Structures are given as structure tokens and as C-alpha cells.
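In C-alpha cells, the next block holds one chain alone, the form predicted alone.
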Amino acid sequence: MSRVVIAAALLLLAAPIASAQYDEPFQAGETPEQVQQRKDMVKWLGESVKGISARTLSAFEAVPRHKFMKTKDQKIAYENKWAGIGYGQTITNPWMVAYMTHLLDIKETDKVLEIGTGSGYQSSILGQLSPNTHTVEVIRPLGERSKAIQDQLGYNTRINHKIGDGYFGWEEKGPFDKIMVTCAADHIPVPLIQQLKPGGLMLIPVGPHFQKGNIYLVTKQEDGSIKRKVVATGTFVPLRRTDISEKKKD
């Protein structure tokens, strides 16, 4: 299908200098071809993701996916393909992003948490749907780069960033109506269940790293118990617990 993606030291990102559109200085605007390619992608998503709402599709039309990709990969930005973004991480293919977003059915009033900021594309979509979106990334250069791009695009008032171990979520900002995990865990983290509101929904891939696993839709009941069901299978990058940026850049 696709590849993606409580320590005191967990810190809110300070606003960094917007230095990169991954591997080049940030460039505002886009070409008419890119606008049309995105419209074509949104039309295809509307046909291929059963039941996806017009509101969700409008979020995909608003966010320029190519700006979250390396220059060499921008030509495939609106195809249903994943691509590397550095540090062993990937930007997920549009169909999976759309399907997972559709399943969470995010409302304007929802408080949303994403685990695994990665490229920043998924949280940008979430931010279009809720102005109370939070995202956590353990690999500092990725988190800072994604925030810089989102700031340049004007998303900074809708998306809050944190650098840290996503396994522990973001307790001080919880509880959350919706939680999306964009990387594969070997089990469903208890802290994330605890931070989910009664009646809330969480999507999380569970399985072996870089191998096909299950994507669970988790519902928290009013009594605090959970129900889960498999809604898809897919291959995701692992839920990392430490910053690997000093060891791996590509």
C-alpha cells in the first residue's frame, strides 16, 4: 500500500528560520501545472476513497504536496506514490493519507493529535480540518523543517509542534478527540489510549517495521475500555523512540 511514516526534555519547537523546502530555499507560489495536477489528484481521490467527504477533499486541494517533498521528487507529487524525505523516513502516498483522514472524520471542533510529523503533509491536511491540531516528531531536523514549511504556508496558527517521543503523546495538550499515528508500532501505546477522550477515535498501524501490518481503528468507550478493528493493511516506517538524525540523514 504505502510507506510512510515522558521526558522533561520534550520541548515545543521554537520558530526556526525557514531554511528549506527540503533541499532548496522555500519558494512561494506554484505553477499552473501543479495546481491542475493537484485538482486531478483530488478528483481521483474522490473516486477511489469510498465515502470521502467534500470537506476532506477540499483540504487536499488546499495543501500543495510538492512543497513537502525533495525537489527531485516533486514531479511525482500528485501521483499515488510515496517518496523519501531523509533520515530513513517517507511521505505517505496520497491515497493512504486520504483514506486515514476520511476514517477519522475530523470536525472543526475536534482536538487532534498526530504522532509522526515526518514531512508535515499529513498534519497540514489535519490542520485544514481542525484549527486545534497537534503533531509530535522525534527526529528534530524533520520536525523543525516541517514546521518551517508550514509557517511559510501560513498554517502556524492551526498546527502546534513538539519534538519528542511520540509514544507518550502530548499529555499536557490532551485529551484528544482524534489521534492519528503515521508510523508502525509493535503495540498500541497506553499513553495514547489514556489521552483519547471517551468517544474518541485513533488510527494506528501495528506490525513489524517495513513489513505489511494492520491499521487499527480504535474507539474509546465511555467507560474507558477500547474497541478496535482492522480497517486496512499497509507498510509504514517504524515508530521511533529516539532521534536518529546524527546517525542517518538519507
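Given the structure is predicted, the values throughout are model-derived calculations rather than measurements. For every residue, the number given is its place in the sequence shown, counted from 1.
Just so you know, the form predicted together with a small molecule exists too; it's not on screen, but the next bit is about it.
A.B. asks: Can G174 be called a contact residue for the small molecule in the predicted bound form at 4.5 Å between heavy atoms?
C.D. replies: It does not: once the small molecule is placed as it appears in the predicted bound form, G174 has no heavy atom within 4.5 Å of it.
A.B. asks: Counting only non-hydrogen atoms and a 4.5 angstroms cut-off, does T101 reach the small molecule in the predicted bound form?
C.D. replies: No, T101 sits far enough from the small molecule in the predicted bound form that none of its heavy atoms falls within 4.5 Å.
A.B. asks: Could you confirm whether Y121 comes within 4.5 Å of the small molecule in the predicted bound form, counting heavy atoms only?
C.D. replies: Taking the distances in the predicted bound form, the answer for Y121 is yes, it comes within 4.5 Å of the small molecule.
A.B. asks: Could you confirm whether T90 comes within 4.5 Å of the small molecule in the predicted bound form, counting heavy atoms only?
C.D. replies: T90: yes, in contact with the small molecule in the predicted bound form.
A.B. asks: Using heavy atoms and a 4.5 Å cut-off, decide whether M41, G46 and W95 all contact the small molecule in the predicted bound form.
C.D. replies: Answer is no for this spot.
A.B. asks: Looking at 181 to 189, 207 to 215, 194 to 202, 47 to 55, which one sits within 4.5 Å of the small molecule in the predicted bound form if you count heavy atoms only?
C.D. replies: Heavy atoms within 4.5 Å of the small molecule in the predicted bound form occur in 181 to 189.
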